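There is one chain below, alone, in structure tokens, taken in the form predicted alone.
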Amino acid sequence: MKSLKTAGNLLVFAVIAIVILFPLYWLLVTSLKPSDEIFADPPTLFPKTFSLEHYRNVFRTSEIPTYFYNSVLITAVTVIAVLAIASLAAYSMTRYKFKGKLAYFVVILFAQVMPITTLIVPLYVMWGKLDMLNTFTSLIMTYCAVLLPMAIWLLTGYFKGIPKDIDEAATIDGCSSFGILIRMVLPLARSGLVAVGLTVCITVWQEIMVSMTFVNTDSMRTLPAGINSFITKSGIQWGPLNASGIVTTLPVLLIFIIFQRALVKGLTAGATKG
């Protein structure tokens, strides 16, 4: 009976894995097919001939390398900025008493549930009046504003789990509040920082709506927005489009594989402490 239950669970997991992974598999094999095989009828599940022509086209004749650099720069700066600001805010929320603290929590909670679509028009008008459209600064500040409530909320949960006795002992040794945060609290909350940092990284890396709205200069586009250049009025360039999809997916996949243990640990701790 137990073996049947185990076999049933394995079957369910196998079906779920196939459903989740098949789009990624199809993206990969299509990017490796020659152009004529992409449109073969019936379609081939496994390429008859492997070809890297679409990857060569992507890196030699398109602006994908520029878009890739833009995405890396914007994502890295946003992750650093969000973690720095959220750490300071979460530390003050868990260690100090001040007027309006409850209202501040409510505002953060409300900001988390606001869809980004409701902010695009007022932000577009604001950046336009400030003459900051088509700049990386407008994108980075928008992403920070949208993601900071989530980051503060999660880090507050992690910081609450760190005993305040550590702060008192460090204060007796002459450590300042900022020193306690840097030397004691942040190292103890590193799994939470990794979880929040990866969440911000993945969100910004794949974001397209804000990027498409605030940036219309081709050299300033991010990777998800730039991939749309393969969808033209004369048709869709399926080979380069799928190769670009792999180029976009691969960095996030590698980061997830490298930090998966810290991410799972951080999310688990956040679920129990938050």
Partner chain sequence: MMMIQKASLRRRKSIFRTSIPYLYVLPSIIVMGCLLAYPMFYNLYVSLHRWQLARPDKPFIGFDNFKAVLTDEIFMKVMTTTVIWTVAGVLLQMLLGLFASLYVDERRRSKGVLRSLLLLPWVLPGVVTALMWSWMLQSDMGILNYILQSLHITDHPISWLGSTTHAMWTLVFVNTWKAFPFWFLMLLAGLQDIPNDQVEAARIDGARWLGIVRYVKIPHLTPIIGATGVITTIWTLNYFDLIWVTTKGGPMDTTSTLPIYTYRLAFEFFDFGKSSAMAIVSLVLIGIICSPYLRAMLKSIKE
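Between two forms, the rigid core is defined as the largest C-alpha subset superposing within 1.5 Å. Worth saying up front: this structure is predicted, and the values here are computed from it rather than measured. Positions refer to the first chain, counted from 1.
Keep in mind that the form predicted in complex with the partner chain is not shown, yet the notes after this line are about it.
117, 120 and 206 all contacting the partner chain in the predicted bound form, non-hydrogen atom within 4.5 Å: All three within 4.5 Å in the predicted bound form.
Select, from the options 162-170, 85-93, 67-75, 186-194, the stretch whose residues sit within 4.5 angstroms of the partner chain in the predicted bound form by heavy atom distance. It is the stretch 85-93.
With the cut-off set at 4.5 Å between non-hydrogen atoms, does residue 58 touch the partner chain in the predicted bound form? Because no heavy atom of residue 58 falls inside 4.5 Å of the partner chain in the predicted bound form, the answer is no.
Decide whether residue 125 counts as a contact residue for the partner chain in the predicted bound form under a heavy atom distance cut-off of 4.5 Å. Close contact exists here: in the predicted bound form, residue 125 approaches the partner chain to within 4.5 Å, heavy atoms only.
Can you tell me if residue 52 lies within 4.5 angstroms of the partner chain in the predicted bound form, counting non-hydrogen atoms only? Flag for residue 52 set to no.
With a cut-off of 4.5 Å between heavy atoms, is residue 38 one of the residues that contacts the partner chain in the predicted bound form? Yes, residue 38 is a contact residue.
Sequence order please: the residues of 34-63 with a heavy atom within 4.5 Å of the partner chain in the predicted bound form. Heavy-atom contacts within 4.5 Å come from 38, 39, 42, 43, 45.
Checking residue 250 here: with the core superposed, does its CA move 2 Å or more between this form and the one not shown? No, the C-alpha position differs by under 2 Å between this form and the one not shown.
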